[in-house]
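Coming up is one lone chain in structure tokens, specifically the form predicted alone.
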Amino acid sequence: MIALFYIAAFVAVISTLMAITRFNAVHALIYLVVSLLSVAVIFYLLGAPFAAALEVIIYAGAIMVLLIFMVMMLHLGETSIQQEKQWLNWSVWLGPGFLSLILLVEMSYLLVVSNEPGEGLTVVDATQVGIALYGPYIITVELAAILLLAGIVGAYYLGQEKRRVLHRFLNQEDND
């Protein structure tokens, strides 16, 4: 189990470094998805399968799709069309695909061979997580929700097309 932990940690570090160093924002977000998936594998290895499922569903699923949508919404024009044509190149997907394949093999091995957490670890179920989140950490949960809402509203505002709105009397020329 220690070797699996180090493999997942290595994938997390490499994919995070690739996310930081990518020039294209969508490529960076794809590497960030791989990084979040590797963190989910680490959670599973540490005996927190519920946290691993939340990591995949919430972070790697919903929030990353939202971020990719916002990046695509903000990049309007000819440059985004060129970027979309570049995505058809298979070499762009080689790095994230290889790292994801490593995680898939590791997770398949974990699910087939072992259904118990590592030594000295206990499984945390959904009830304990819910009590912790909506007990002492309720302010943190609410602040995270407000930050996400502000990000969505900000992305919508930035993505709007600027319209020139004039009053109907200002459009007419004065002939006096």
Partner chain sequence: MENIDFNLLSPLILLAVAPVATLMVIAIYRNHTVTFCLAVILLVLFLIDCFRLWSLSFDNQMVDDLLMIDKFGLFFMILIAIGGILILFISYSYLNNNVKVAEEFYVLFLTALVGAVVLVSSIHFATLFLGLEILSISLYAMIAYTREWKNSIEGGLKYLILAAGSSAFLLFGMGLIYLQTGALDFEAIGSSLEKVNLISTAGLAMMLVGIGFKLGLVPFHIWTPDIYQGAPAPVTALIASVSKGSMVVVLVRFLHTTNSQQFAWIIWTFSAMAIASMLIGSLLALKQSNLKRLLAYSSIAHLGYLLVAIIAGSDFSVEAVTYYLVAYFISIIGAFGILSIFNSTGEIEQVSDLQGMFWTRPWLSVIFGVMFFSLVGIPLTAGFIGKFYVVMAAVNSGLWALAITLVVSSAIGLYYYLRVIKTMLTPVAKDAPKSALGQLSTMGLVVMSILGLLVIWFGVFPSQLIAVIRSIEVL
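Just so we're on the same page, rigid core means the largest C-alpha set that superposes within 1.5 Å between forms. Residue numbers count along the first chain shown, from 1. The structure presented is a predicted model; accordingly, all values stated were derived computationally and were not measured.
There is another form of the same protein, the form predicted together with the partner chain; it is not shown, and what comes next is about it.
Hey, in the predicted complex, is T140 touching the partner chain, heavy atoms inside 4.5 Å? Yes, contact at 4.5 Å.
May I ask you to check whether G151 falls inside a 4.5 Å heavy atom distance of the partner chain in the predicted complex? It does: once the partner chain is placed as it appears in the predicted complex, G151 has a heavy atom within 4.5 Å of it.
What residues, if any, in 26 to 53 have a non-hydrogen atom within 4.5 angstroms of the partner chain in the predicted complex? Nothing in this stretch is in contact.
Could you check, with the core superposed, whether the Cα atom of A155 shifts 2 Å or more between this form and the one not shown? After core superposition, the C-alpha of A155 moves 2 Å or more between this form and the one not shown.
Answer yes if the CA of V129 moves 2 Å or more between this form and the one not shown after aligning the rigid core, and no otherwise. Yes, V129 moves 2 Å or more.
For V65, state whether the C-alpha moves by 2 Å or more between this form and the one not shown after rigid core superposition. It does not reach a 2 Å shift.
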